[in-house]
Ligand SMILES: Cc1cc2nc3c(=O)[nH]c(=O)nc-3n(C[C@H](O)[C@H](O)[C@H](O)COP(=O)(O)OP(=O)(O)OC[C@H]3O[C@@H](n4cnc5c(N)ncnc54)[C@H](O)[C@@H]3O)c2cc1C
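Next up: just one chain, as structure tokens, the form predicted alone.
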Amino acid sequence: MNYKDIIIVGGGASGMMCAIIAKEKNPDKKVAVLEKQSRIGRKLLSTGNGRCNLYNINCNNSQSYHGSFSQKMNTVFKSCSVAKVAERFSKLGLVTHTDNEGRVYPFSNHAGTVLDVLLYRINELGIEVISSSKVTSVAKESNSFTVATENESYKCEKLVISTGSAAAPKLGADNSGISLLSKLGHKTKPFSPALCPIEAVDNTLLKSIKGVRQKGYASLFDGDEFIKTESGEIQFTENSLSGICVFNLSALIKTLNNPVISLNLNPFTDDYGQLLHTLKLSASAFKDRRISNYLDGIFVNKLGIAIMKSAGIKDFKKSVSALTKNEIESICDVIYDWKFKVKKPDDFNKAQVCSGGVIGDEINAKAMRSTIVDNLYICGEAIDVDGDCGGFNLYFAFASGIIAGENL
């Protein structure tokens, strides 16, 4: 049986960072990463649409996080601030830039650059990476762990579970991490998709506007009960609403009985009167145009037509002068409050992250250490916490990896 001082199960963002910090702190210890994929860091390459949104300079508010561990995020911020994560990457030689939304990316705008600097440091420190090694079982003995893979068995003094979540199974994600933790006695919450497109119950109109992007507000309701509003670019797909603002609502849907998304595409934001006035002026100024071109000055044509269809307009060959007062008001209503009954997310392939994992009460946030199993550490998406879109989740992956590594 192979002996390692520290074994890290999972070579994703949190696992790689944890390994680096642990080895720097314990240069004489044998540190090994067990990764079921043929290489470590594979999922990292897909983050931020391949650009790798490392973190957000605004990762300092627990309200940006959800799940049972979210109440402990302030402890994480104190133990590993955004500045500390930034300093760590600077020491690795990574040059970054920040966009207008506070999202931090590698200067290269390529996730491969991030993986390169992490892998270089892992190799430089002599951390052993054992790939194509899926862990099948973990057993706790008096002062050690026995970790079995499909090909080998290992014994270690300290164990880290950083296996990620079930998001993006095409990249190798699954439930193996929380399955192992459950067998060690931890309470876990099943994974469910978060930060993903929201599928509409009726996608008839969406098919006609596939690929359209439009800035606006997306509001989530449970029937008539308001839940939350997000603003930003809304993307329309063949059967779903997408975009960062929609992603940030997706994790909240699973608890609702009658989820509805309302889109406010009003260029004057909350001023319904100004929108209605503008539509009336357009109806008068362009009365000889076809109705199909009535909203061309506000939206791309196919989005304008979809809005009017939702408002009940059927004959688009007539001139704008044929629109009645009630029809103009109905169009105004849809622009201001376009409602879509939506489904609860269930496709892990389309999810960037997941809700669920080990419940927060069983983790010491100052050390990312289990409170029920000695010398067991947990970091990254294996924990029941998920952040808003825009670098909040990768921040937690790196920060929790740093904290765990410092305490090994």
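One rule holds for the numbers: they count along the sequence shown, beginning at 1. All values derive from a computational prediction rather than experimental measurement.
Heads up, the form predicted together with this ligand isn't pictured, but that's what we're talking about next.
*Asks:* Which listed residue (S70, N26, Q352, N60) meets the criterion of a heavy atom within 4.5 Å of this ligand in the predicted bound form?
*Replies:* Residue within 4.5 Å of the partner: Q352.
*Asks:* Ok, T188, S176, N248, S219: which has a heavy atom sitting within 4.5 Å of this ligand in the predicted bound form?
*Replies:* Here the answer is residue option S176.
*Asks:* So in the predicted bound form, does any heavy atom of G380 sit within 4.5 Å of this ligand?
*Replies:* Flag for G380 set to yes.
*Asks:* Should P345 be counted as a contact of this ligand in the predicted bound form, where contact means heavy atoms within 4.5 Å?
*Replies:* P345: no, not in contact with this ligand in the predicted bound form.
*Asks:* Going by a heavy atom distance of 4.5 Å, is K36 a contact of this ligand in the predicted bound form?
*Replies:* Contact with this ligand, yes.
*Asks:* Please determine whether S46 contacts this ligand in the predicted bound form, using a 4.5 Å cut-off between heavy atoms.
*Replies:* S46 belongs to the contact set for this ligand.
*Asks:* Just one of 204-212, 92-100, 221-229, 157-165 has heavy atoms within 4.5 Å of this ligand in the predicted bound form; which?
*Replies:* Result of the contact check: 157-165.
*Asks:* Does anything in 75-93 come within 4.5 Å of this ligand in the predicted bound form by heavy atoms, and if so which residues, in order?
*Replies:* Not one residue comes within 4.5 Å of the partner.
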